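Heads up, what comes next is one protein chain in two forms, each shown on its own as structure tokens, labelled structure 1 and structure 2.
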Structure 1
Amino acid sequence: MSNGKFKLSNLYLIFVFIVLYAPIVYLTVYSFNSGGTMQGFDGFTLEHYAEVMQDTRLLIIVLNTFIIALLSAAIATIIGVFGAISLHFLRVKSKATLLTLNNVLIVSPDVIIGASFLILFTIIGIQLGFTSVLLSHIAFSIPIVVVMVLPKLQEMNISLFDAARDLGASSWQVISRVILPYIKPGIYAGFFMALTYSLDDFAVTFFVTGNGYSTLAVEIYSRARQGVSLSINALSTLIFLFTIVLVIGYYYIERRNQRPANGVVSE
């Protein structure tokens, strides 16, 4: 029975991965198709990637996307880390309610969030464009950072704070020299998650972009509506590869952070 269950679980995992990755593999393979369509593979070519690299407007959009992603992830990480610390040390009955409200923002439909931001920016007079997109991405990234950092805070031993206080540490020294170094893996995780969400976001960005400003997700959607073009495949493949690099980079940093801790434990 155990062998049978093991085989069934393996088959299920294989099926899930095929469903998830088969469309991406199909898209990637046809990004090298010289035929210009996705009906048949006529031969290998890199002309679609060259077309992407020669598109000045697209390169500007790529730059806009990365600037928005890096800025929003950095700002959201700073706000989210101190928000998580405040929420963790909050000694009121509404703590669970505040955490629930934070989590609701994560699971709320992007269409509702995007429409809400559009109404807000219109009312307060913020012109749609770089500023509106940046503020929107910061707002929906903060709850993600909070969720990634809180578990590390909950793992901390309360005696660490008492020891720091007994040694004469101020509140800022406790945060900067005790709390922040301990929760560093959670901070990295929150930053990379916020960065990934910002790069991939379409629904919210679609509502708050103005004329003359766009991000990669919105641009790909706009081009896909005009018809099938294998340059879209090439662009999507490049984005997917960059996401893989981000994931590998995150796991590499996480493993480096865990090595000193493992060494201390072993001693």
Structure 2
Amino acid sequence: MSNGKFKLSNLYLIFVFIVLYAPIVYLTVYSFNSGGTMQGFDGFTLEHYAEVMQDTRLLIIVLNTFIIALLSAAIATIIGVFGAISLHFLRVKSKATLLTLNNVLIVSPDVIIGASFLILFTIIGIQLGFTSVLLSHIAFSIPIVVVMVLPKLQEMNISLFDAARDLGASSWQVISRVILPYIKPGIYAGFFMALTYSLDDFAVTFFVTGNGYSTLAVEIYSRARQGVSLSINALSTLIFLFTIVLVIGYYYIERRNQRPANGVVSE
């Protein structure tokens, strides 16, 4: 490739990156603005961060968001992993049917998921609030976990199961000593994806949250509709920093995933 062309392509990439990061930088910069609006930088201040720290309602909502994310990701991972394992041993045809159903929630628009869950909870008689939000987050995280775990299972050598059974392992021992250690990277990745989907979700939660209970995304939506308040900027800066930490964690897991596993994990 000629030198001039290379520079032009670099320029394009840099431009894309600038646009991608502009809003985030913008939010961060103005979170330190003493002016109180997102126009004209008057001076440096940390008062908006202090404001966030004093806003008990907001802190409770942040806590809610994390509780929902961790709980739903953990439960979804357990159901999803066992679902994927049993799915893996099914006949090809039933597996294909179940997998298609599995993917329905992944490709469905959030609005449909939210609206249909709202109907479901109303019919079953589950009060809208913590339970309904938690159940929905578990529900839309399970297929993601399954999709993350299945490829790891497919990688496994079938003779590993036979060897374990020949050596007298019970079904549970085959799972706990052979399968689970092998697919561990997939499980971590699934848990992590479930966590981020839950933290990131707005639309589904918005439908099933009812009055009085709120997660961060829903709260930001209602505050943003009322206009600009720089405490949202401060909050989003904090969230962004947290996100970076999560990304680094995810990157680390992915790197471990890519390392080829030879046979049974030795410990």
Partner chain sequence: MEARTRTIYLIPYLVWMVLFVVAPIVLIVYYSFFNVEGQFTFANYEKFFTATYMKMTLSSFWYALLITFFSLAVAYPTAYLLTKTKHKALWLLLIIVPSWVNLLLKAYAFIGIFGTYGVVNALFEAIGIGNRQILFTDFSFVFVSVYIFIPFMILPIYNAIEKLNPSLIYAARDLGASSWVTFRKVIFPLTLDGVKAGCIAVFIPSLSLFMLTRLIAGNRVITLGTAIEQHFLVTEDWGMGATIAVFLIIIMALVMVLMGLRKRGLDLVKR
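C-alpha atoms forming the largest set that superposes within 1.5 Å between two forms make up the rigid core. Residue numbering: structure 1 sequence, from 1. Fair warning: this is a prediction, and the values are worked out from it, not measured in the lab.
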Between structures 1 and 2, the form predicted together with the partner chain is number 2
In Å, the rigid core superposition gives a C-alpha shift for Y12 between the two structures of 4.8
Students should find the CA displacement of Y251 between the two structures, rigid core aligned, in Å, to be 3.2
